[in-house]
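In what follows, one protein chain appears twice in different forms, each by itself as structure tokens: structure 1 and structure 2.
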Structure 1
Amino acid sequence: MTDSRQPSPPIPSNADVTRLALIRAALKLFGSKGFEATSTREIATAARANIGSIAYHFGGKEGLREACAHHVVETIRTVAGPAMRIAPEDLPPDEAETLLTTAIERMVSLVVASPEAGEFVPFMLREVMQPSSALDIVYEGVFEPVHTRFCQLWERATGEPAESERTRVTIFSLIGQVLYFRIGRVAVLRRMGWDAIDEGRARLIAEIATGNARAILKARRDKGR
């Protein structure tokens, strides 16, 4: 008789646990205080780790910043996975639209609703405003490939060229509407009278964001006929 049970995931080693704790602590501190204003001692204290572990795992603070960038890339690419794995040229327009709107829904779940986003979004914003080698890692690992793939899906769904200025700006606008709910979170909560963005409110945001995308898609398709 064959055992159909899935194998248990490997138990992370103490070194892996420490490494992740340092990355998560650094993401928070680099995002809130900035890279230069954050000391390695602060990071180690927040991670409940020995200060020497930063040099051991990353070679120093700069290496830790780059590890933070790689962590952001891995996190976002996991969420965008389905949209990245399927070749757009093989999709009919309706399936391309579904894949694009599903990716937007998953983005809302990660960026708006998940606690992890509170760690990496401020880090990313600081990198955009004060670029370093970490921004290159995030741009090449997430920004450029994800945006390019969304543009390719848009082309399949509408017939508009993926690399036209109009398409690229449209995709930035669709991504931006999601990011605002994290970047402007304090203002959103105050204006809405919410104490938090829970699962139900995240579903509402996703419904409106994907509805906007579908409306623009329909208008562009109708115009092209």
Structure 2
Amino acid sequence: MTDSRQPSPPIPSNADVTRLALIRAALKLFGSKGFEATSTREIATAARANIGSIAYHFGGKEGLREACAHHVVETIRTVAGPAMRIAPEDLPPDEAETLLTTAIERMVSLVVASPEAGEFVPFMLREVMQPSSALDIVYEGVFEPVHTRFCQLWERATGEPAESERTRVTIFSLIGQVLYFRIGRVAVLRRMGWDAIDEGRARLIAEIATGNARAILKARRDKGR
């Protein structure tokens, strides 16, 4: 009935709609409450589907978790892919620095954004805190490529080898300073006396995070001489 054979943009079938609704609801609940704390009934209700549909589409709760991981990877690949593909060779140091700070700014937006895309981050953070079958998917699909990319930009900006221990650990510290604004969100809100992180506050955070990165970059360059 709804089948019109278009090759390029596939028309979402009725089943696909249910499937996606389940993934979206699960992603949100897994991220905010945790996998074990979320019941399949809760997910089905939030997705306006029935409990049986989880078993039908994903084989079970664990399968749904993995489907969520794939969905996160695919979505991030779509939005961040183009920027990731710019070859780092032949980049002058100051352009590499600009790309790096821009990447940090984007990360702050993603991490701090309340709804929509921001749901991905808690899910991934929980996966990495408590490795499961879905960790490999998000690690290889997001963590590893993003970290590697940052390391390459760092090399172009400072001259330090991208894969040296020092560079890799430094990049983790740079990423960590941003991610904490999601993990410790309630502590941040309470300590700052904020009720939410609006755009202006997100800009302040981004400004400080990129400022930090530039300061560290500068210190390393000066030392390298």
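Think of the rigid core as the biggest set of C-alphas that the two forms share within 1.5 Å after superposition. By convention here, residues take numbers in order along the sequence of structure 1, the first being 1. All of these numbers come straight from a predicted model, not from anything done at the bench.
Colleague: Given the two isolated forms of this chain, which one is the form predicted on its own?
Modeller: Answer is structure 1, the other one does not fit.
Colleague: Core-aligned, does residue 40 move its Cα 2 Å or more between structures 1 and 2?
Modeller: It does, since the residue 40 C-alpha is displaced 2 Å or more between structures 1 and 2 after the core fit.
Colleague: Could you tell me whether the Cα atom of residue 183 shifts by at least 2 Å between structures 1 and 2 after core superposition?
Modeller: No, shifts by less than 2 Å.
Colleague: Would you say whether residue 156 is displaced between structures 1 and 2, judging by a C-alpha shift of 2 Å or more on the superposed rigid core?
Modeller: Residue 156: C-alpha displaced by less than 2 Å between structures 1 and 2.
Colleague: Cα shift of residue 18 between structures 1 and 2 after core superposition, in Å?
Modeller: Its alpha carbon moves by 2.9 Å.
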